[in-house]
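We give structure tokens for two forms of one protein chain below, kept apart as structure 1 and structure 2.
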Structure 1
């Protein structure tokens, strides 16, 4: 008998239960904050019609999309036909389809959040996934959408990452209109060429000044050294305070229309972010941020961890002029931001920034004496009634084995109710983490255990600061 090797394809993340608990806690925190800011949930199918998904032909997306075909459809398909269905590679395209399809039933501005898995045919590489969670929020307007929403999203992001408690971070902002205006002034008028230059400039913080300069003056771009020097000087700016950022924008001088517009938007957004309650220390103007996707037209965002720049962007997004131009005549401008939860989790774990795994099971009722099982089950029921996640040992076994089980399963509190305790009307509570145990009156158990659990949670919250 030979076995098939039990394995998953590369690029998927599968976790052990305690790690899954940590990952889920992360998703919970993200969801909680999205809802706190008044965003509503939607879900869309993992599969969409290929024709809906592949609206931009021949690009990166087509190279990376996974097609789906039932066996029947596969046999019926003619040579050269694309499969009818494909897996979504992000949540923005399905959102566009969703808004176009349900336009008349939606209330605008439409504020939705969506946390689901997406699929990309990436070549395997560290920290890159073929199946991963995206957590998106977008605000979609009908005909118009105030730039003030561009300032609202950073406030949500600030709230999320503060809650996640993963150390100092900075939400970096820029504006594509400003950048295009500046490039125009340098004599770069062609839109596509501008995009390519911006993508190159975007690598400044990752690859360094020299590499970007070499590339821009090299054969692919062939820009004049003087223009490149001017450009690199411009995009090298990083603000260290709101005043600093505003002063830089002020100092730009007259300039063309695009530059003026970009500056006005950025100025308003930066000021409003402050008004939305984000501390100055957590956001900055970074004139090299561009984002690769061409559909961004105004504000762009990228969030990084101050202490771990090698992790790169943990959240990014931006403003787009017309979300669903492929599906409807209506003009639907929007602004959105996305957290790649799978990568974020993985990176945090690699960097050692995740706290030790802890089970969702809070207490284990040990089985001291098989004859007393009903008593143990009753105790477990009482704890559950009080909101404490409790498992009762139902199979008899050595006590040492039960403790070992609790330890390995990550359960912190073990409750022992043996002949001694029964005689005294008490319960012994062992705290495996503290390596300590105490006896408490049976009647006081729930209240006492609750206090212990709360204290444990509070300790956990504070030990990372």
Structure 2
């Protein structure tokens, strides 16, 4: 018999159980904080109509989309037509379709979070994924949405990454209206050309000052050196306190309408972030942040780890004027952020920033005598009923092998109920983490284990802060 090689396709993250526990703990922390701020969950199908997915994005995205190749779709492709269905490549387009379709049943402002896998035909390379989790929140308004919501999202970001405990981080903010207004003052009025310049400026922290200057004065942009010097001086600002940021905005003067709007919005957002309880050390005005997509029209965010800038942005997003313009006549402005959880987990693991994961199984009921199996199962059922995750050994085997299994599986407590314990009404508890063993009355077992588990959780919490 010949075997097919067992392998996964490039660009997917398949984890061993304890690594999966760590990844799931990250998702749980993100979900917990999204819900803490009053966001409600939705899910959308992994497949959408191709006409819906490709309405706004065009050719570049089409080259990264995975079409659903059923037998009928393959036949259609041979005839020159796109398959009817495709896998979603982000959660924003499905959200736009969702809001347009359910608009009359939703309550606005609509506050949703969504944590699901998305699919892109990325070129296979280290750290780039074809299947990955995105964790998004958005606030969608009907006709209008106050800029005050733009200040709430950094508070969510702060809460998430404080709980994840992955080191010092900074939420960097800017406003595209402010930047477009400044470009107008430099004589650059064309919208498409402004967008191209903003995309180039957005690469400043990654490519460096000289590379961006050379690009803007080169043949592709052909901007005057004096204008480029003014632009690079403007976008080089990074605030170190709230007052520093507000003073810089005030110093811009009156300017044109776009600049005034951007300055007013940023001023209000920065002040309210402080009111939302985010420490000044965790957010800053960075006038080079633009985000690459022209989709964003106002406030934009990027979050970076202070000691690991090479990781890049770990959470980004911004304000947009009309989420679902291709699907409804209603005007639906919004603001949102996204965490690429799969890539973030991979990056943190590669940088050694993740703590070792522990099994979600807290206790193992060992088997001493096969004839006493009903007694062992009864004990396991009692522990589960008390909220203690418990596995019971159902096949006979040497006790030493059962201890070895528990140790390799990361299970902390092994419970032994032998003839002596049964006669005395006790249980022997082996704590593999402390390499300790004690005997406890059967009636006190649940309370004793709870105390041990809660003490360990409290110690992990104190170690994190």
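All figures in this text were calculated on a predicted structure; none of them were measured in a lab. Think of the rigid core as the biggest set of C-alphas that the two forms share within 1.5 Å after superposition. Positions refer to the first chain, counted from 1.
For the form predicted in complex with the RNA, the corresponding chain is the one labelled structure 1. Annotation for residue 419: C-alpha shift of 2 angstroms or more between structures 1 and 2, rigid core superposed.
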